[in-house]
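In the block that follows, a single chain appears as structure tokens, in the form predicted alone.
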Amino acid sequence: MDFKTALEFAEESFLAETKKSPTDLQKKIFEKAFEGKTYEKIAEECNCTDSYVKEVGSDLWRILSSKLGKRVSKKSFRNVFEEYDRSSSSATQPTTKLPEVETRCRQDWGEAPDVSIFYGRTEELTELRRWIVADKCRLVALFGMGGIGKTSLAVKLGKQIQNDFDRIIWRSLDRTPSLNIFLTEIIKFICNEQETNLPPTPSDPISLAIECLNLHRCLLIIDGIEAIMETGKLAGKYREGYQDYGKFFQKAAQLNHKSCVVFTSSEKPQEISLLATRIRQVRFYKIGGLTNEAAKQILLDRELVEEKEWHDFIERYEGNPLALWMISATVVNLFAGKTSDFLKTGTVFLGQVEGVLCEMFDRLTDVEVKVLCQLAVINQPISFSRLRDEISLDISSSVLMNVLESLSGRSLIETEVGQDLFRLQPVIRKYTIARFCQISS
């Protein structure tokens, strides 16, 4: 494919995806990338900073990836374009538009994020699909620390199993709507308003919602439950005025219906563990870091220099996709893309990840902070009995158990498989020390 054809192809794809043409700088970046020039050289020729050119370029590749349904990067775009050119060469009217997916289900994805670029999670998606489609689970909860990819996983899951449902609804609780407002909107969508004479605000929205969930097979995805959880108390308690959400989740778990409610949270509501032990159709899944292979794909997309130190870099951030994505930008900007040079600094750099951690730590109680500081000082996996000996005498064994369960429910401590050992991830330890402890990291 020559440059003129490639540019026309890119402009058509960009226009179809964004309803506007690429900017002059984006066209110039595309032209110079087609010639095989580095971002540094492109920045020099365009009289821009390296970081700005990389940011604009990343946005261009992201938009093209979204339209074409394949990962497009500075290194791969020519191969991707040529593949599409070959596949469309036999058509009378070549087009970049992908075939529409036939689906019988009505969908409302609200403000769900785009997941056309998605890393790994094959095992998680397979397991969750089995729970929801084969095992007919009524309530599935996805837990994990900030940035681990709960929201993206939930959206990707919904997209993959959409044809197994009559209705799909995705909603975020960022704006913390009351349960009445939330369920009234859900009920109207499920029942298509014409199918029932709903009052403006149903007097018993929980019962009516369960009826609707039994009338049609629905997938209701609720993102960010932590927004309605109490701060300054041990994990799992709802904020004042939002306790009815807990009642809704219990009813959705306990009563027979055709549907599945999936929610994501960085904090586990107290009733979920109990429900999961008593009801087979209730499951919760703690999401961990990406596999090495999936994490490496992030580093490739960030155009880091391929090195054997990638393994250590990924391990330092325990496969957290948001952390890897953000810190990779620093590696590119300050260390010429070399993780080996970055790792030589010997520090667990937080950068923009600090903002995510700040939100999580703002929710903690004083006693949780005290335990985290003790774990940060010890800086190695430790048993309950030893931690009890090390901790202050004013914290009883019962209180310590409650605190450790709370921290685990917030995904702020890790437990060693098959052992009663507790530890902190490096980024959690670094932030704890920086914010609360007066010790050397």
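Treat the numbers as computed from the prediction; the structure is a model and nothing was measured. Numbers follow the displayed sequence, beginning with 1.
We do not show the form predicted together with a small molecule, though everything after this point is about it.
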{"query": "Joint contact, Phe118, Met145 and Gly149 to the small molecule in the model of the complex, by non-hydrogen atom at 4.5 Å", "finding": "yes"}
{"query": "Stretch in contact in the model of the complex with the small molecule, which is absent here, among 365-373, 208-216, 229-237, 321-329 (heavy atoms within 4.5 Å)", "finding": "321-329"}
{"query": "Contact residue in the model of the complex, from Ile314, Ile298, Val261, Ala112 (heavy atom within 4.5 Å of the small molecule)", "finding": "Ile298"}
{"query": "Listed residue that, although the small molecule is not shown, lies within 4.5 Å of it in the model of the complex (heavy atoms), from Leu290, Ile190, Ala252, Cys137", "finding": "Leu290"}
